[in-house]
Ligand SMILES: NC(=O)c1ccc[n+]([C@@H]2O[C@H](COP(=O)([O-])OP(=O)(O)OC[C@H]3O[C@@H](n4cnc5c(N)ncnc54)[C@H](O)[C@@H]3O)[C@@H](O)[C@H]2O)c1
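Below, in structure tokens: the form predicted alone, a single chain.
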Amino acid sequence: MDLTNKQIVVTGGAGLIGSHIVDELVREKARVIVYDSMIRGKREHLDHAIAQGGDIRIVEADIRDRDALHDVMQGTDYVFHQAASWLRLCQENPRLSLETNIHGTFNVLEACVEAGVKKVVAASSSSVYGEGLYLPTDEKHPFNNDLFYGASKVANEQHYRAFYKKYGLDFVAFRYLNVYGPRQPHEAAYMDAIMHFLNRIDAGEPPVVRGDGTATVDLVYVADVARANIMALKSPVTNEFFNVASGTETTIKELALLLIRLCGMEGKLQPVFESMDSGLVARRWGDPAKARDMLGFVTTTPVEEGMRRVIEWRNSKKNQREDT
């Protein structure tokens, strides 16, 4: 599929995953509309794409705004739907999970149908699985969620299917595991650990691990995630849900020790442990087989290399602040 001059909307396009999708679309020579409320998204996340000469228009608006969505979808060929209120915020303010994630996503899909959009590639979440009844969790795993954010993602998935059945709106939705990388937000429920660890290590203090360190994450580098999104758009596959997972568990203790080593503090610092955040899943481990078999997608960035890139990005941001 040639995306040259295709008009593509990326909701949440100034966020972590969205901005990396924009980078990919610029390489594909698409005309990109970034639709973002800028609550978590940042315009600076689009600097790289703009510097590459990308045809990018930024619309600062909320997916709860039906009129703004209707306007932006006119003439749009494809949509990447990444916008959502995040896990911790939905727990603190549950109504956001309804108004932003459920109603907002419904608004996006409704606007897509009205505008004749050909396909939507959307962000779901491994949160729909809740605590794994078996591991690794594959796409046949039952919904076992008990959080407001996960509940909204379950509702979203049902609406994707309903819009497909009633209107023929093609879609692929990704159940992201633990996505990390440059531009990552500090508020992310699992990935804020990376920044907290690095802040402590920079200060010569031991990183603080919640629990005994045996809780696990399935770490997926953001550039791999963006590539999966482009592959899904170009694929004829529709009406399907996929894990975006490395298929490897990393314990939080292992993550802390890795960051200590990459920062050159091995032998000088050791993680310390405090009580576990009971609101988070204890083990996250996804099965990547379905995405591999149906989309040809596999992750290619090892955790150590990905974390090294995060550290380099973080250091570059610190240097920029010091120079201003």
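The first residue of the sequence shown is number 1, and the count goes up from there. The structure presented is a predicted model; accordingly, all values stated were derived computationally and were not measured.
The discussion below concerns the form predicted together with the named molecule, not included here.
Interface membership of R31, defined by any non-hydrogen atom within 4.5 Å of the named molecule in the predicted complex, is ruled out.
Of the heavy atoms in G116, none are within 4.5 Å of the named molecule in the predicted complex. Under a 4.5 angstroms non-hydrogen atom cutoff, the named molecule in the predicted complex has M38 among its neighbouring residues.
Although the partner is absent here, G75 sits far enough away that none of its heavy atoms falls within 4.5 Å of the named molecule in the predicted complex.
Only one of 207-215, 234-242, 139-147, 76-84 lies within 4.5 Å of the named molecule in the predicted complex by heavy atoms, and it is 76-84. A heavy atom within 4.5 Å of the named molecule in the predicted complex is found for exactly one of V121, V179, L109, A193: V179. Comment: the named molecule is not present in this chain, but in the predicted complex one of L280, C263, A61, I58 has a heavy atom within 4.5 Å of it, namely A61. Contact residues in stretch 1-33 (any heavy atom within 4.5 Å of the named molecule, taken in the predicted complex) are G12, A14, G15, L16, I17, G18.
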